[in-house]
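First, one chain by itself in C-alpha coordinates, the form predicted alone.
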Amino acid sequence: MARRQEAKGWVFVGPFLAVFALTFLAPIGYAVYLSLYRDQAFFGGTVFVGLDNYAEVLRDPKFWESAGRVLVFLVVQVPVMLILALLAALAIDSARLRGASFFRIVLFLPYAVPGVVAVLMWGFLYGDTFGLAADLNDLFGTTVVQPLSGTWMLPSIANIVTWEFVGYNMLIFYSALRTVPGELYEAAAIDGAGAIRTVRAIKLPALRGAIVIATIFSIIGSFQLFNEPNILRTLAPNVITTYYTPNMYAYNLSFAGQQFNYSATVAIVMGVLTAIIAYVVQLRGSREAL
(Lines give C-alpha, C1' and ligand atoms only; values in the text may rest on other atoms or scores of the structure.)
Protein backbone atom coordinates (compact mmCIF):
# COMPACT_ATOMS: atom_id res chain seq x y z
CA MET A 1 0.00 0.00 0.00
CA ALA A 2 2.80 2.38 0.91
CA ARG A 3 4.58 1.66 -2.37
CA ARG A 4 1.41 2.41 -4.33
CA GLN A 5 1.04 5.76 -2.59
CA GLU A 6 4.69 6.54 -3.24
CA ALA A 7 4.25 5.65 -6.91
CA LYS A 8 1.22 7.94 -7.16
CA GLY A 9 3.29 10.72 -5.63
CA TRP A 10 5.98 10.30 -8.26
CA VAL A 11 3.32 10.38 -10.99
CA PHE A 12 2.23 13.82 -9.81
CA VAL A 13 5.76 15.13 -9.21
CA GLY A 14 7.30 13.51 -12.28
CA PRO A 15 6.19 16.07 -14.91
CA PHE A 16 7.51 18.94 -12.83
CA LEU A 17 10.83 17.19 -12.24
CA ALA A 18 11.17 16.47 -15.97
CA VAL A 19 10.53 20.09 -16.93
CA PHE A 20 12.79 21.32 -14.09
CA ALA A 21 15.64 19.09 -15.22
CA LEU A 22 15.20 20.06 -18.88
CA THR A 23 14.87 23.83 -18.42
CA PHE A 24 17.04 24.41 -15.32
CA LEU A 25 19.50 21.65 -14.54
CA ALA A 26 20.43 20.81 -18.15
CA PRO A 27 21.44 24.40 -19.12
CA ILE A 28 23.50 24.76 -15.94
CA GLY A 29 25.18 21.43 -16.54
CA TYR A 30 25.97 22.36 -20.13
CA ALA A 31 27.37 25.75 -19.05
CA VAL A 32 29.63 24.01 -16.53
CA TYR A 33 30.76 21.63 -19.27
CA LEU A 34 31.58 24.53 -21.60
CA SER A 35 33.50 26.34 -18.88
CA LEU A 36 35.94 23.43 -18.56
CA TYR A 37 37.02 23.66 -22.21
CA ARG A 38 38.70 26.23 -24.42
CA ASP A 39 38.56 26.71 -28.15
CA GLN A 40 42.05 26.70 -29.69
CA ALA A 41 41.81 29.25 -32.48
CA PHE A 42 45.19 28.56 -34.09
CA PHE A 43 45.48 24.82 -33.57
CA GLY A 44 41.80 24.00 -34.05
CA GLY A 45 39.46 22.00 -31.87
CA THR A 46 38.43 22.34 -28.26
CA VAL A 47 40.68 21.17 -25.45
CA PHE A 48 40.01 20.44 -21.80
CA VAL A 49 41.56 23.14 -19.58
CA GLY A 50 39.98 22.35 -16.22
CA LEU A 51 39.72 25.44 -14.04
CA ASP A 52 41.93 27.66 -16.19
CA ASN A 53 38.96 29.65 -17.47
CA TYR A 54 37.87 30.37 -13.90
CA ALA A 55 41.37 31.55 -12.99
CA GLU A 56 41.34 33.83 -16.02
CA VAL A 57 37.97 35.32 -15.05
CA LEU A 58 39.26 36.07 -11.55
CA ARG A 59 42.17 37.97 -13.13
CA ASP A 60 40.00 39.73 -15.71
CA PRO A 61 39.82 43.51 -14.99
CA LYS A 62 36.78 43.88 -17.28
CA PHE A 63 34.83 41.35 -15.25
CA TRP A 64 35.66 42.99 -11.93
CA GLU A 65 34.88 46.45 -13.31
CA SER A 66 31.44 45.30 -14.42
CA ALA A 67 30.85 43.39 -11.19
CA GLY A 68 31.87 46.41 -9.13
CA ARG A 69 29.50 48.60 -11.11
CA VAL A 70 26.48 46.40 -10.41
CA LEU A 71 27.56 46.13 -6.77
CA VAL A 72 27.45 49.93 -6.46
CA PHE A 73 24.11 49.85 -8.24
CA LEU A 74 22.84 47.28 -5.73
CA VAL A 75 24.06 49.14 -2.64
CA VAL A 76 22.44 52.42 -3.69
CA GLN A 77 19.41 51.54 -5.81
CA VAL A 78 17.98 48.58 -3.89
CA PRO A 79 17.59 50.39 -0.51
CA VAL A 80 16.05 53.43 -2.22
CA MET A 81 13.59 51.28 -4.15
CA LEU A 82 12.60 49.17 -1.16
CA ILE A 83 12.16 52.20 1.11
CA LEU A 84 9.90 53.88 -1.45
CA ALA A 85 7.92 50.65 -1.84
CA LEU A 86 7.64 50.28 1.93
CA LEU A 87 6.42 53.85 2.40
CA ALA A 88 3.86 53.37 -0.38
CA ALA A 89 2.58 50.12 1.14
CA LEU A 90 2.28 51.69 4.60
CA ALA A 91 0.45 54.71 3.17
CA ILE A 92 -2.03 52.57 1.22
CA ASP A 93 -2.62 50.29 4.22
CA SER A 94 -3.07 53.17 6.67
CA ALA A 95 -6.75 53.70 5.72
CA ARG A 96 -6.03 57.45 5.80
CA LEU A 97 -5.19 57.72 2.11
CA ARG A 98 -8.16 58.56 -0.06
CA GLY A 99 -8.37 56.59 -3.27
CA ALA A 100 -6.00 53.89 -2.00
CA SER A 101 -7.09 51.47 -4.73
CA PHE A 102 -6.32 54.05 -7.39
CA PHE A 103 -2.82 54.71 -6.03
CA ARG A 104 -2.18 50.98 -5.72
CA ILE A 105 -3.00 50.45 -9.38
CA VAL A 106 -1.00 53.52 -10.49
CA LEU A 107 2.09 52.39 -8.59
CA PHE A 108 1.85 48.86 -9.93
CA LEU A 109 1.16 49.93 -13.53
CA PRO A 110 4.85 50.54 -14.49
CA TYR A 111 5.61 46.90 -13.67
CA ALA A 112 3.02 45.88 -16.25
CA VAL A 113 4.86 47.85 -18.94
CA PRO A 114 7.26 45.59 -20.88
CA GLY A 115 10.85 46.25 -19.86
CA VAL A 116 12.02 47.08 -23.38
CA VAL A 117 9.19 49.58 -23.84
CA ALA A 118 9.99 51.20 -20.48
CA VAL A 119 13.68 51.62 -21.36
CA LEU A 120 12.86 53.04 -24.80
CA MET A 121 10.43 55.50 -23.23
CA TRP A 122 12.97 56.71 -20.68
CA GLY A 123 15.69 56.72 -23.33
CA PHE A 124 13.75 59.27 -25.34
CA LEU A 125 13.31 61.36 -22.19
CA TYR A 126 17.05 61.15 -21.50
CA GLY A 127 18.19 62.11 -25.01
CA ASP A 128 20.75 64.95 -25.14
CA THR A 129 19.55 66.20 -28.53
CA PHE A 130 15.87 65.28 -28.22
CA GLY A 131 13.31 64.60 -25.53
CA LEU A 132 12.80 66.16 -22.11
CA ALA A 133 16.49 66.50 -21.18
CA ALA A 134 17.26 68.38 -24.39
CA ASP A 135 14.20 70.62 -23.93
CA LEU A 136 15.26 71.52 -20.38
CA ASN A 137 18.76 72.38 -21.57
CA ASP A 138 17.35 74.56 -24.34
CA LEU A 139 14.94 76.24 -21.94
CA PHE A 140 17.61 77.24 -19.42
CA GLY A 141 20.41 77.65 -21.94
CA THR A 142 22.66 75.09 -20.27
CA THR A 143 23.98 71.55 -20.67
CA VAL A 144 23.66 70.50 -17.03
CA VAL A 145 20.91 67.94 -17.65
CA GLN A 146 22.78 65.03 -19.27
CA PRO A 147 21.31 61.73 -18.05
CA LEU A 148 23.27 59.76 -20.66
CA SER A 149 26.67 61.14 -19.67
CA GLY A 150 29.28 58.99 -17.96
CA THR A 151 28.61 60.58 -14.58
CA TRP A 152 24.85 60.16 -14.63
CA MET A 153 24.40 56.96 -16.62
CA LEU A 154 24.24 54.60 -13.64
CA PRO A 155 21.80 56.83 -11.70
CA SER A 156 19.70 57.11 -14.86
CA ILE A 157 19.52 53.33 -15.15
CA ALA A 158 18.72 53.11 -11.43
CA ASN A 159 15.84 55.53 -11.95
CA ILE A 160 14.38 53.32 -14.70
CA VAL A 161 14.67 50.16 -12.58
CA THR A 162 13.16 51.91 -9.57
CA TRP A 163 10.26 53.18 -11.67
CA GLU A 164 9.66 49.67 -12.98
CA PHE A 165 9.80 47.70 -9.71
CA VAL A 166 8.61 49.97 -6.89
CA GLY A 167 5.03 48.86 -7.54
CA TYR A 168 6.01 45.19 -7.60
CA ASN A 169 7.71 45.41 -4.20
CA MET A 170 4.92 47.60 -2.87
CA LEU A 171 2.46 44.81 -3.68
CA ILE A 172 4.61 42.28 -1.79
CA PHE A 173 4.68 44.53 1.29
CA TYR A 174 1.00 45.40 1.04
CA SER A 175 0.04 41.72 0.79
CA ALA A 176 2.05 41.00 3.94
CA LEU A 177 0.32 43.86 5.77
CA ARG A 178 -3.10 42.50 4.85
CA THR A 179 -2.33 39.29 6.76
CA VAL A 180 -1.88 41.11 10.08
CA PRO A 181 -4.80 40.21 12.40
CA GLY A 182 -7.13 43.10 13.12
CA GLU A 183 -7.07 42.24 16.82
CA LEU A 184 -3.51 43.54 17.04
CA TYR A 185 -4.57 46.95 15.78
CA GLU A 186 -7.49 46.99 18.21
CA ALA A 187 -5.20 46.12 21.10
CA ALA A 188 -2.77 48.84 20.05
CA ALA A 189 -5.58 51.39 19.88
CA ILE A 190 -6.77 50.41 23.35
CA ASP A 191 -3.23 50.85 24.68
CA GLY A 192 -3.16 54.33 23.18
CA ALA A 193 -0.55 53.60 20.52
CA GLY A 194 -0.35 56.19 17.78
CA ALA A 195 0.23 55.65 14.07
CA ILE A 196 4.03 55.73 14.34
CA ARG A 197 4.04 53.34 17.30
CA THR A 198 1.70 50.97 15.47
CA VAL A 199 4.01 50.92 12.47
CA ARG A 200 7.08 50.23 14.58
CA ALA A 201 5.54 47.64 16.91
CA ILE A 202 3.15 45.78 14.59
CA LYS A 203 3.58 46.50 10.90
CA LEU A 204 7.37 46.47 10.52
CA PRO A 205 7.80 43.16 12.43
CA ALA A 206 5.07 41.65 10.25
CA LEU A 207 6.92 42.84 7.16
CA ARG A 208 10.30 41.35 8.08
CA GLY A 209 9.85 38.20 6.01
CA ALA A 210 8.51 40.14 3.02
CA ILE A 211 11.42 42.57 3.22
CA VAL A 212 13.91 39.70 3.15
CA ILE A 213 12.20 38.17 0.10
CA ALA A 214 12.03 41.49 -1.73
CA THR A 215 15.68 42.18 -0.91
CA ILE A 216 16.78 38.80 -2.27
CA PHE A 217 14.77 39.29 -5.46
CA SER A 218 16.24 42.78 -5.87
CA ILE A 219 19.80 41.51 -5.35
CA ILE A 220 19.33 38.86 -8.00
CA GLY A 221 17.77 41.41 -10.34
CA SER A 222 20.65 43.84 -9.82
CA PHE A 223 23.28 41.26 -10.73
CA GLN A 224 21.17 40.31 -13.77
CA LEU A 225 21.10 43.91 -15.02
CA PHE A 226 21.06 43.70 -18.82
CA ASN A 227 18.05 45.14 -20.67
CA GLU A 228 18.41 48.73 -19.49
CA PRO A 229 22.11 49.30 -20.31
CA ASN A 230 21.99 47.15 -23.44
CA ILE A 231 19.16 49.18 -24.96
CA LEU A 232 20.57 52.55 -23.83
CA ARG A 233 23.89 51.61 -25.41
CA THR A 234 22.52 52.64 -28.80
CA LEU A 235 22.04 56.18 -27.41
CA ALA A 236 25.37 56.36 -25.56
CA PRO A 237 27.83 53.91 -27.15
CA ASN A 238 30.83 55.79 -25.78
CA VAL A 239 29.56 55.54 -22.21
CA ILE A 240 28.11 52.02 -22.05
CA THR A 241 30.79 49.52 -23.00
CA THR A 242 30.32 45.92 -24.03
CA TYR A 243 31.27 44.93 -20.47
CA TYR A 244 29.20 47.54 -18.64
CA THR A 245 27.55 44.77 -16.58
CA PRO A 246 28.55 41.10 -16.15
CA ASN A 247 25.52 39.95 -18.14
CA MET A 248 26.42 42.28 -21.01
CA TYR A 249 29.99 41.03 -20.83
CA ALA A 250 28.92 37.39 -21.06
CA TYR A 251 26.42 38.17 -23.83
CA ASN A 252 28.92 40.03 -26.00
CA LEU A 253 31.63 37.44 -25.40
CA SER A 254 29.28 34.76 -26.66
CA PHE A 255 27.35 36.39 -29.50
CA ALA A 256 29.86 39.00 -30.69
CA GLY A 257 33.18 37.39 -29.80
CA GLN A 258 32.19 33.74 -30.27
CA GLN A 259 33.97 32.93 -26.98
CA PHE A 260 31.34 30.52 -25.73
CA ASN A 261 33.55 28.77 -23.19
CA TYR A 262 34.77 31.94 -21.52
CA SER A 263 31.26 33.42 -21.62
CA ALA A 264 29.89 30.38 -19.79
CA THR A 265 32.62 30.75 -17.17
CA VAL A 266 31.74 34.42 -16.59
CA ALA A 267 28.07 33.49 -16.20
CA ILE A 268 28.84 30.72 -13.70
CA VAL A 269 31.16 32.88 -11.60
CA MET A 270 28.56 35.65 -11.52
CA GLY A 271 25.85 33.16 -10.60
CA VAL A 272 27.93 31.85 -7.70
CA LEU A 273 28.62 35.38 -6.41
CA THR A 274 24.92 36.23 -6.64
CA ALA A 275 23.93 33.04 -4.80
CA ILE A 276 26.44 33.72 -2.01
CA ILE A 277 25.28 37.28 -1.44
CA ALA A 278 21.60 36.29 -1.58
CA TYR A 279 22.23 33.44 0.88
CA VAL A 280 24.00 35.78 3.32
CA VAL A 281 21.06 38.19 3.18
CA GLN A 282 18.58 35.36 3.70
CA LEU A 283 20.59 33.92 6.58
CA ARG A 284 20.87 37.28 8.29
CA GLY A 285 17.18 38.00 7.79
CA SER A 286 16.24 34.61 9.24
CA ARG A 287 18.40 35.18 12.32
CA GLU A 288 16.89 38.63 12.91
CA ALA A 289 13.42 37.10 12.58
CA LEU A 290 14.28 34.67 15.37
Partner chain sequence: MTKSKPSRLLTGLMVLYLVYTLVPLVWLVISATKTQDDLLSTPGLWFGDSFALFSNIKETLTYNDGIFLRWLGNTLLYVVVGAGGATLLATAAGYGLAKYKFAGRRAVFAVLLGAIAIPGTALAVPTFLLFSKLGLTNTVWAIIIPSLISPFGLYLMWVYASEAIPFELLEAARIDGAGEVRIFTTVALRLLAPGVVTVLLFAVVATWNNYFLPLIMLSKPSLYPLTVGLTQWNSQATGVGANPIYNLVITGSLLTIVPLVVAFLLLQRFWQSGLSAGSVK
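Residue numbers count along the first chain shown, from 1. Since the model is a prediction, treat every value here as computed from it, not as a measurement.
Beyond what is shown, the protein has a form predicted together with the partner chain; the following relates to that form.
- In the predicted bound form, the partner chain sits within 4.5 Å of a heavy atom belonging to residue 275.
- Taking the partner from the other structure, the partner chain in the predicted bound form has no heavy atom within 4.5 Å of any heavy atom of residue 200.
- Taking the partner from the other structure, the partner chain in the predicted bound form has a heavy atom within 4.5 Å of a heavy atom of residue 251.
- Residue contact with the partner chain in the predicted bound form: residue 121 places a heavy atom within 4.5 Å of it.
- Listed residues 88, 78, 154, 211 were compared with the partner chain in the predicted bound form; 88 is the one with a heavy atom within 4.5 Å.
- Of the residues in 7-27, those that come within 4.5 Å of the partner chain in the predicted bound form through at least one heavy atom are, in sequence order, 7, 8, 9, 10, 11, 12, 13, 15, 16, 17, 19, 20, 22, 23, 24, 25, 26, 27.
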